[in-house]
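The chain below stands alone and is given as structure tokens, in the form predicted on its own.
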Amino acid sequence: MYKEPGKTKFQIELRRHLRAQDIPDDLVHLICEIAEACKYVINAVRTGDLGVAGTSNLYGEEQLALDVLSDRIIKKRLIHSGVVCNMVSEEMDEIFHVSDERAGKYSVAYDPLDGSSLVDVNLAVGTIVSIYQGCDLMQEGSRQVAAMYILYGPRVSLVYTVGNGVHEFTMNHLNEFTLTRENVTMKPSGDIYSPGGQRNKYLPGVEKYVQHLEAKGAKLRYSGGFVPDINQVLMKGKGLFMYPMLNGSPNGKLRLLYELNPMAYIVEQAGGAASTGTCRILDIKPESLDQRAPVFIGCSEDVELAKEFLNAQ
């Protein structure tokens, strides 16, 4: 465990922890800039307008005012970071070019406010971020150099990986992110499952898998928010989240670039697994910005068992 002389782990700030990870200074700077932007996002969530912005994203979904504001906050911070060449978010219809590629530049894909429709009923939401070296965003998730999410719940927590374990930070009363859990790990199997999608649209293999989970006493825990549900599985160190292929929606719902790749990278770094049911999420090369894929993500044995049920259908 990293420990700065004279400080407990609960006093270790994000920037100091990042500097101990043996990563480039520009990547440290970028992650800290995103963390800083999210302090303004949480303020917007707590105080902002819950109305509709009157625009739509490229998927034809109505954009909430908080979606637009959160996207604007993070985009502006990324532009002024000086280390980003390209970026794209779930609220953009194309890649936003910032600058020409130079040594140390990064590309960022992010979901500024995942689960934003839950804000008006006061449920937890979050920001999800994926970072690549260079200016090519259309790469396999295995090529990420960092991934992180920020959960806006009763506490604001930031979870990140740079390929050297998974670490959780919590915002204190001074709005600083300080270390709360280092090297988060997952058990091989668990007793929690978070199933997305309408059950009456599940394929036979998925339905049999859910019946198996129920028969062994697994507890259903589903909030409707990807960030809080993944955070629960990850921080409890056990369980599985799934949004499977459905009748009429063979690719599920969640987007590869903004949601699945960063979460898969984080969960794998904690010893878990993430699969479409037929292949590893991080091995998929994106073909479009809006590409979706089904997902089974969590404890490695639970994910493997899901694949067995699907292959048997």
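Because the structure is a prediction, the values reported are computed rather than measured. Numbering starts at 1 and follows the sequence shown.
Just so you know, the form predicted in complex with a small molecule exists too; it's not on screen, but the next bit is about it.
- In the predicted complex, the small molecule sits beyond 4.5 Å of every heavy atom of Y132.
- Taking the partner from the other structure, the small molecule in the predicted complex has a heavy atom within 4.5 Å of a heavy atom of F226.
- Residue contact check for L113: one or more of its heavy atoms lie within 4.5 Å of the small molecule in the predicted complex.
- By the criterion of a heavy atom within 4.5 Å, A270 is excluded from the residues contacting the small molecule in the predicted complex.
- The partner is absent here; in the predicted complex, the one residue of F241, F177, Y152, Y160 having a heavy atom within 4.5 Å of the small molecule is F241.
- In plain terms, the part of the chain that comes close to the small molecule in the predicted complex, with a heavy atom within 4.5 Å, is 190 to 198 out of 212 to 220, 190 to 198, 177 to 185, 78 to 86.
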